[in-house]
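There is one chain below, alone, in structure tokens, taken in the form predicted alone.
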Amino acid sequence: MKVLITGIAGFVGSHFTEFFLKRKNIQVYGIERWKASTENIEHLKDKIDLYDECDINDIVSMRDILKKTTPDYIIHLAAQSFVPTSWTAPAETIKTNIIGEVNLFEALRSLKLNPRIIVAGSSEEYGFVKKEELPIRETNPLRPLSPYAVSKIGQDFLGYQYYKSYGMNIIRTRAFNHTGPRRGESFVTSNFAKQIAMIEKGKQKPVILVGSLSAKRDFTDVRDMVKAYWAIMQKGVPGEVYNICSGRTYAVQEVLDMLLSFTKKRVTVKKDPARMRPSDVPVLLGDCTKMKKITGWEPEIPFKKTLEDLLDYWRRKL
């Protein structure tokens, strides 16, 4: 069984690689942009086939890799995945996320390949959600509040359109927040954890800079998220969309408090205007009954354990 992971060196991609390598009879292929960091998978590179000469924005290189690998499954993770960056680089976000996916689909069509594909969407697609609509089901209206969210809706709907138009085996997902070891430092949980580790090592003054602490998010451990993606890949229905989430929320303030409880250092918390967004989604609480019903998946790792592992990751790394 051949599995191709786009964006393999990213946060989720690296955990997916570890997940697959623990199983027999799975050949892992990965796509990563030329000169992009492969730090997350350095310990795995001798066990996979990595193609760094491919960029999803280049359909020719995309086609060449697909012709070489002819995958049975594709986990499409490559994207500009940071919401704040989409405010400063909206055109690049739209291009990478939407046009990049079109290139993947068109390259497959030109080669007459039809593997099962997971399109990694986001809960950010839901955007502004009314209180009476919580928890959020897949049928909820999409009211995006960032260029990133718009780009993920584009990916989501393209997946549906290519399924309907060409019969491609595309399964759409809307993953709610996920975190854990190797999470990029620009994301809130990892950013807090890194700052604490820096303070512990004397590399930063005992002051943690924060943005809004009021937003509430539905967090899942990345290791559980990977299991959910694979369960959906195996049992999901092409053309359908599935939420992946834990079904409970934590305010960003709660996340910070939990991380601070793991250190003996006394710190001051300071608001940083540069970390505030033009608009933000106040609450993202998901309902993944649809996904659980067909897969039986349940998150297993407690959120406290997730944050402890994330902080320990930064302690080792710095």
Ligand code: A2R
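Given the structure is predicted, the values throughout are model-derived calculations rather than measurements. Just count from 1 along the sequence shown to find any residue number.
What follows is about the form predicted together with the named molecule, which we do not show.
Here the chain stands by itself, but in the predicted complex one stretch of 55-63, 250-258, 268-276, 286-294, 55-63, has heavy atoms within 4.5 Å of the named molecule.
For the options Ser81, Thr189, Asn243, Thr220, the residue carrying a heavy atom within 4.5 angstroms of the named molecule in the predicted complex is Ser81. The candidate spot formed by Arg33, Gly121 and Tyr229 lies fully in contact with the named molecule in the predicted complex, as each residue has a heavy atom within 4.5 Å of it. In the predicted complex, the named molecule sits beyond 4.5 Å of every heavy atom of Arg172.
Contact check for Phe11: a heavy atom falls within 4.5 Å of the named molecule in the predicted complex.
In the predicted complex, the named molecule sits within 4.5 Å of a heavy atom of Leu77.
Within this chain, Gln195 is remote from the site of the named molecule in the predicted complex, having no heavy atom within 4.5 Å. Along 141-162, a non-hydrogen atom within 4.5 Å of the named molecule in the predicted complex is carried by Tyr148, Lys152, in order along the sequence.
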